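Single chain ahead, written as structure tokens, the form predicted alone.
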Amino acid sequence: MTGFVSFFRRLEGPQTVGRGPAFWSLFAVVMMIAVAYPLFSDGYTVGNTVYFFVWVFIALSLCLIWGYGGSLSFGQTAFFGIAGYGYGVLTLNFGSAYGFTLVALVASVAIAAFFAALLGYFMFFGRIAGVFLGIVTLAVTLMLERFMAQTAGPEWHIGSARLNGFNGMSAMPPLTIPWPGEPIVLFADVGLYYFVLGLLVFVYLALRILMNSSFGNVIVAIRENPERAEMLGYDVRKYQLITFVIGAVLAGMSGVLYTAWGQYITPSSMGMTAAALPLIWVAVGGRSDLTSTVVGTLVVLAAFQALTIYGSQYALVFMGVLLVLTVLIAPNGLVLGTMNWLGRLAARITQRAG
């Protein structure tokens, strides 16, 4: 029982912002609003909100690898695409009966994790670090995008699943949950909203526990001073590899959910723009904190989508300007900086009242 309580106490700690009754009360209020949201909204808006939630997973993966681990990776969209295409190939070949889409989800994420483990092994045990790690992951991502873009011919197929080149794969079945009488099909509506919301909350809380554990403390220590961490007896390369694989699992989950949401996947999901956007979301939110990353990603995505109404080129220019302003004004993140300022303000008010 003591160990169980100690486990959940790790929801709060030095590596995550937010603690105490005030934070968790606010968290509970946000959750109640999120649960009630579909009751007061139309199906299209709910489905669009699912689209926002889907991208939070890849942002959290980058927060883990870059923010906590200190390794800038452009490879998250590669794992996104690998898992998305994996889901498409599996479901187009085997269908959605008997809950196979859930099996395909797990299998596709596992494929992305295996690829990350293979790539990460050669990078981290080959002592590739810093800017060179970013270059290698970007090269792998662009290579996969170029390869998938040229698979338009009829010879490019896996079983009955055509890869279709730059046009991508389509008509994949949505996630389906087996149920007595009739299976529950999670189209981009209320059902998928609650499924993704529950999964997102679980991942967020699990990452808080992980980062406030001894594992998270070691990862942050490696980010701050890898030589000192190694002198203390920690296998730096092993910890970096594990973090990289966990990040790939999250990015792969994002890819599968995106594919199931829209029932399509294209090589552009692994392009340069797709690789750069998550970096902006995480940088604006605050790469060294999970809560800031979630809030920043949702806010920036909403702004980005609103701007695309007037033209995608303006939205991309806005993203670039926002990144430059963030680096110059609040290098630790606009959302994280605001949260820290509010925390200090609340502490002053409490101190004066006392």
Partner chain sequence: MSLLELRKLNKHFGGLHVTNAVDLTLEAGEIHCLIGPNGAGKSTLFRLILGEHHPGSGDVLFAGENITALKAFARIRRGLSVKFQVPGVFKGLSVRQNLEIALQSRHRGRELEAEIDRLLVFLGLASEQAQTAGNLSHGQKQWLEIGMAISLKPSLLLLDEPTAGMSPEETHMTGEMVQRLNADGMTVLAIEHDMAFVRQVAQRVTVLHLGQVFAQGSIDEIVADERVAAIYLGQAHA
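Positions refer to the first chain, counted from 1. Every value quoted in this text rests on a predicted model; they were computed, and no experiment measured them.
Although it is not shown, the form predicted together with the partner chain is what the next lines describe.
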property	result
The unique member of 217, 273, 150, 167 whose heavy atoms fall within 4.5 Å of the partner chain in the model of the complex	217
The unique member of 204, 234, 187, 194 whose heavy atoms fall within 4.5 Å of the partner chain in the model of the complex	234
Residue contact check: residue 229 to the partner chain in the model of the complex, 4.5 Å heavy atom	yes
is_contact(residue 20, the partner chain) in the model of the complex, heavy atom dist at most 4.5 Å	no
The partner chain contact at residue 221 in the model of the complex, heavy atom, 4.5 Å	yes
Partner contact for residue 14 in the model of the complex: the partner chain, 4.5 angstroms, heavy atom	yes
Stretch in contact in the model of the complex with the partner chain, which is absent here, among 263 to 271, 234 to 242, 169 to 177, 132 to 140 (heavy atoms within 4.5 Å)	234 to 242
